[in-house]
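Starting off, we have a lone chain in the form predicted on its own, written out as structure tokens.
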């Protein structure tokens, strides 16, 4: 497998990194995180103007017809810059529409997503699910020509910024997906450990529009979550790169006994282990993204993405913890970006399934 970006992917990665370095430096990010919204509307507009929101959607709706492999360089740059805008959350919701919706639903929603005019979120996780995508207790029942939904969803990433939610619920035919207006639900918003915004969503006779066919949503949910898992694997690579680079720079400049601590052989071994883990993670992220796009069947896709997530989770823990330890006590301070990288890597290791879950899934696939 070729792990190098092609020319277009490299140009895209460079343009995103330039924007993050100039318009999304750490101090600017801290102000965004501290704001009431938890994201920046001007930044969101810039991301959409760069065409990032249109990459994984069909040209029929204004997109570029790309896939996870085309988003890999974007997510890596986002991980390095610790971008908090609800990009992945919007892609999750919109991918449900793209893969399960009717032609009318796609025409009504996807062009607005591509243009950056519509933000979405995917409300699926429930209490006690423990990463089981089939664990759905929310219910939907017919109400006139539409549906009404009841239940609760937890840790819905991007929900506070979304205008529309894609919500999973049980019907007599099985698990189904519904489009729900965000203003029609009761949200309990909060900031997550890694400074993203999420909400618990309560549905109480909430009107919804059936997305696609009734009772056939579980396969779509698995496909979309695998797509998102591949993307967070790519994002983790960027966060790992920053953690490695900043730690190496610290070892070169921090002095003890009159010499840089990077001259101590024991610390050299540890930084080398970090870079080896980073390169392994990068290779596995490429595997996950490529298999998300091209796997011959669901089992092959699940096996490849779970294998990648296992390695990513293990290496995220190693790199983030080593970065903090090698920085010493100051590594945990709010003032250092490396502590925020630690938080994001810790969350990525759990997001869409931890190492234990994916090890079991890998074995069963």
Partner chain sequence: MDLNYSQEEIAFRDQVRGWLKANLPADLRDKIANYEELTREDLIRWHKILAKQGWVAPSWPKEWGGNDWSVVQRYIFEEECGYAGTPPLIAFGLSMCGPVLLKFGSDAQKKRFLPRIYNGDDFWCQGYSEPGSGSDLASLKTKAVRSGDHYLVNGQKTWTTLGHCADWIFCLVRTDFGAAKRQEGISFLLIDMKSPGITVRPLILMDGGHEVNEVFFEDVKVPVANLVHKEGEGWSVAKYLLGHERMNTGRIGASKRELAKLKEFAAQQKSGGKSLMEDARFRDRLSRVEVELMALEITNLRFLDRMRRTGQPPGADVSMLKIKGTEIQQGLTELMMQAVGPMAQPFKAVNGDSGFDEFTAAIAPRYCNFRKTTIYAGSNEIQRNIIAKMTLGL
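Numbering follows the first chain given and starts at 1. No experiment lies behind these values; they were computed from the predicted model shown.
Separately, the form predicted in complex with the partner chain exists; it is not shown, and the next lines address it.
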Option touching the partner chain, based on a heavy atom within 4.5 Å in the predicted bound form, out of 117, 130, 252, 269: 130
All of 146, 223 and 229 with a heavy atom within 4.5 Å of the partner chain in the predicted bound form: no
Partner-proximal stretch of 109 to 117, 206 to 214, 188 to 196, 283 to 291 relative to the partner chain in the predicted bound form, 4.5 angstroms, heavy atom: 188 to 196
The partner chain contact in the predicted bound form: residue 13, any heavy atom under 4.5 Å: no
Any non-hydrogen atom of residue 9 within 4.5 angstroms of the partner chain in the predicted bound form: no
Heavy atom of residue 27 within 4.5 Å of the partner chain in the predicted bound form: no
Contact of residue 155 with the partner chain in the predicted bound form (heavy atom, 4.5 Å): yes
